[in-house]
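Below sits a lone chain in structure tokens, taken as the form predicted alone.
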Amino acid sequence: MTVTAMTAGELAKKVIAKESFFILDVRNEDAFEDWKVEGENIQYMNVPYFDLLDGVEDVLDQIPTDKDVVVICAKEGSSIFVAEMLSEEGRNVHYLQVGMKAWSEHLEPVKVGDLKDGGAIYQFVRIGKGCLSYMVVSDGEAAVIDATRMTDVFMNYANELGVTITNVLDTHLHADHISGGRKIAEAVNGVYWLPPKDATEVVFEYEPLEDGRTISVGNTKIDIQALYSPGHTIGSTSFIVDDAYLLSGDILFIDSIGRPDLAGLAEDWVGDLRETLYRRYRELAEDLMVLPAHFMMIEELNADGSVAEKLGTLFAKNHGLNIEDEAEFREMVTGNLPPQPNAYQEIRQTNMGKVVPDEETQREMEIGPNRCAVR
């Protein structure tokens, strides 16, 4: 029978479409429990590769024959070996090409909506890690927000749309993934914007992104309005685009809120987080569409693969926005923190420009799930 490679992009489309399929993950149990391909209709089996070296006979009757089977490992080698053994037993199987390394890096572009005077806003869903990036396009120009280190994806997409990237922005100094913002700005001779309160230790030049600053994209003057919104970091800044979209960075998510501890200052910043969520955001129009920089669970994806919801809906349904008692809010945020992201201190140092790891080291630094939220 056949063994077929499945790309991360093909797998992402199956997840977004909520297809039913089977995953045999042959990584070690701890790696599987920490981070795996998630989807609403996936059936899983985790059997470490070393337990299958003598054959797959013991697991064969647990692997369905009526749905697609995808074998997954860290970098593809072990999954090919196991897939070939299953094929020899008469099964048609797929393996994830380049393994979880490719799953971590795949970006799925989704059009979020049109802008009032022409142009559009696109979301890039890093489905394996929960990161969300954006491209605002108008009249031949583009701005990129919260870009990942896979910079070619953004530059190639701009070329496909026939637009020039003129501005690149980060909502804050990221601690869970390496920013590609500065690299894109240098490649296109554009402007790189960063909140100055997050940039006190950076070793490169940038344009300070301060409260009230307006950045225009294209001749139609699609405005990106900066809104100072500290709490996840002291410099965190949200953007209001076209008076219709709220890019909330890592302050507010669909089903959770941002954690304030990744610079070791949870007790100091929790008050800022509450001030942003309970006062600054409450002053905004409830029909703004919230576009966060991360998602926490695969269930937060909409039917089209986007991650977006009206601000008014989040005020009604997001538990983190509905804790009246300040002490209870403080305890929920500081006493309920998930594990910190892998290598987050090294990632912060990289995003400050203080260290420049090689590409493979950068991949290893980012391996693992999104851990920017509390709920």
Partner chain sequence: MNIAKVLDAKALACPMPVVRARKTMKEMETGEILEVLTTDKGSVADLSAWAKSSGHEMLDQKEDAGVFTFYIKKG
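Computed from a predicted structure; not experimentally measured. Numbering follows the first chain given and starts at 1.
There is also a form predicted in complex with its partner chain; it is not shown, and the following applies to it.
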Quiz item: Quick one: of D51, E328, E57, E33, which gets a non-hydrogen atom within 4.5 angstroms of its partner chain in the predicted complex?
Solution: D51
Quiz item: Which one of T166, Q225, S256, S78 is close to its partner chain in the predicted complex, taking close to mean a heavy atom within 4.5 Å?
Solution: S78
Quiz item: Each of E105, Q340 and N342 near its partner chain in the predicted complex, meaning some heavy atom within 4.5 Å?
Solution: no
Quiz item: Just to confirm, E364 within 4.5 Å of its partner chain in the predicted complex by heavy atoms?
Solution: yes
Quiz prompt | Exercise: N28 in contact with its partner chain in the predicted complex, heavy atom 4.5 Å | solution = yes
Quiz item: Hey, of 43-51, 302-310, 59-67, 344-352, which bit sits against its partner chain in the predicted complex at 4.5 Å between non-hydrogen atoms?
Solution: 43-51
